[in-house]
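We begin with a single chain expressed as structure tokens, specifically the form predicted on its own.
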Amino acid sequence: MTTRRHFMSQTAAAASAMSFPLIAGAQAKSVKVGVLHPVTGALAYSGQQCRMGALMAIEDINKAGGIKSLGGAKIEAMLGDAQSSPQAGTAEIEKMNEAGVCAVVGAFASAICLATTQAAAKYNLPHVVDVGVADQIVERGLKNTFRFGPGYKKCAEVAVANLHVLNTAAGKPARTVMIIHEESLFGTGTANLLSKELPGYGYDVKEVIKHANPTRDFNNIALRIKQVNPDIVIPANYYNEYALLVRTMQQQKISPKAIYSVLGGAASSYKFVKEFPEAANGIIDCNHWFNPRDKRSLELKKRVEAQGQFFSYEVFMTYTAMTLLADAIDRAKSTDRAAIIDALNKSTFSNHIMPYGTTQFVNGQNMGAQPLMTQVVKGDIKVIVPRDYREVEPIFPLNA
């Protein structure tokens, strides 16, 4: 027989049980996003820098009220380590899909991005590429893939056109070129593009030298540069190899008319400039760079430096990639993957610190993206081209 007291306790328990979903429902759920980078292995430094940029963006988005269209839902990062290999990156995408992330930001290196975007496409999982410059990433017709920054074809074209302008203005002192590149998709692709572009402007590409990743000794390559004696040396490699190559050239007293980089792994790096100021001096680079006229970029730089870190392109590229994704989720008003992809396709994102026009994706590539030209001058990195963002006049040739 049910007593009145027993009935009351059952009713209270039922009411209590019913109230929990209501309370939970009143609180915005978190939005789970994959943050995937090579934080161990040969590319660990760059991967860690990327991760820092992503987490700083998430912190800022959450502090500013989260995803407002979802009731202020906070972004929750699911961190993945691609271990500097495409296979490990693919395995992390599988884990992230299982964990129910609504999108992924990553994965720095072109070869890794090529694999992770393909793996994510199987699940219609939106993948915002933060750095990966190989154009194959966005040329395969993958509907889930979006790259905010420019690809290496755009960077190579801008670099060669600007080299010609600088050289012509100086009376054309430079004629011969050597290209030194790392062996993966990024270095090989960049070198191939430059080899095709340069002769059209009247430059003689004397030699293209490929090296392994990692490489710990550039003495033989430096010796070869000395023998060929080109006017311009163009390195296309990741941070460690770039720094070592340029330092070896300095030690062997090789001083071409210009070290002119396209997406140089260390050329636009405050870390490199601080640690090896003499080797870095005068290097010109066509690379990802923030808008120096936007005070928000300088504020972000100060915050990064306050943590004892360097404000490298990995940081601000991943920071802006994450803010792009947050903008799309907000406009999608949903964590549904198809809705986020649709919102990314319709993006006109412009509230960012990059020197880009309004975001407009065509086949996953932001047509508004552009690299800037920088030069290391007096222990600092300054924009030299285009004039809209110029901070100092370019020095070319270097040993004039």
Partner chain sequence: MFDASILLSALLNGLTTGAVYALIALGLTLIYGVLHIINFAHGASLMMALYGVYALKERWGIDPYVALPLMVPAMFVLGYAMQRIVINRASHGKDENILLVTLGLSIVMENMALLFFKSDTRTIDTAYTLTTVAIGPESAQVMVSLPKLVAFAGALVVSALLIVILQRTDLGRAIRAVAKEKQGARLMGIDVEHVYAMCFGLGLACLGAAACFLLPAYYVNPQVGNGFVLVAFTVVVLGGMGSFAGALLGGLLIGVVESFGGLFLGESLGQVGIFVIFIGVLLLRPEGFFGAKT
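None of the values given here were measured: they were computed from a predicted structure. Each form is matched to the other, and the largest set of C-alpha atoms that superpose within 1.5 Å is called the rigid core. Positions refer to the first chain, counted from 1.
Same protein, other form: the form predicted together with the partner chain, not shown, and the subject of what follows.
Judged by heavy atoms within 4.5 Å of the partner chain in the predicted bound form, the contact stretch among the candidates 319-327, 259-267, 274-282, 297-305 is 274-282. Checked against the partner chain in the predicted bound form, the candidates 175, 74, 210, 164 yield a single residue with a heavy atom inside 4.5 Å, and that residue is 210.
This chain appears without its partner; in the predicted bound form, the one residue of 334, 30, 40, 345 with a heavy atom within 4.5 Å of the partner chain is 40.
Using a 4.5 Å heavy atom cutoff, none of 358, 370 and 382 lies near the partner chain in the predicted bound form. Among heavy atoms of residue 254, none comes within 4.5 Å of the partner chain in the predicted bound form.
Using a 4.5 angstroms limit between non-hydrogen atoms, residue 240 touches the partner chain in the predicted bound form. The closest non-hydrogen atom of residue 48 lies within 4.5 Å of the partner chain in the predicted bound form. The closest heavy atom approach of residue 170 to the partner chain in the predicted bound form falls outside 4.5 Å. For residue 127, a C-alpha deviation below 2 angstroms is recorded between the shown form and the other one after rigid-core alignment. Core-superposed comparison between the shown form and the other one: the CA of residue 295 stays below a 2 Å shift.
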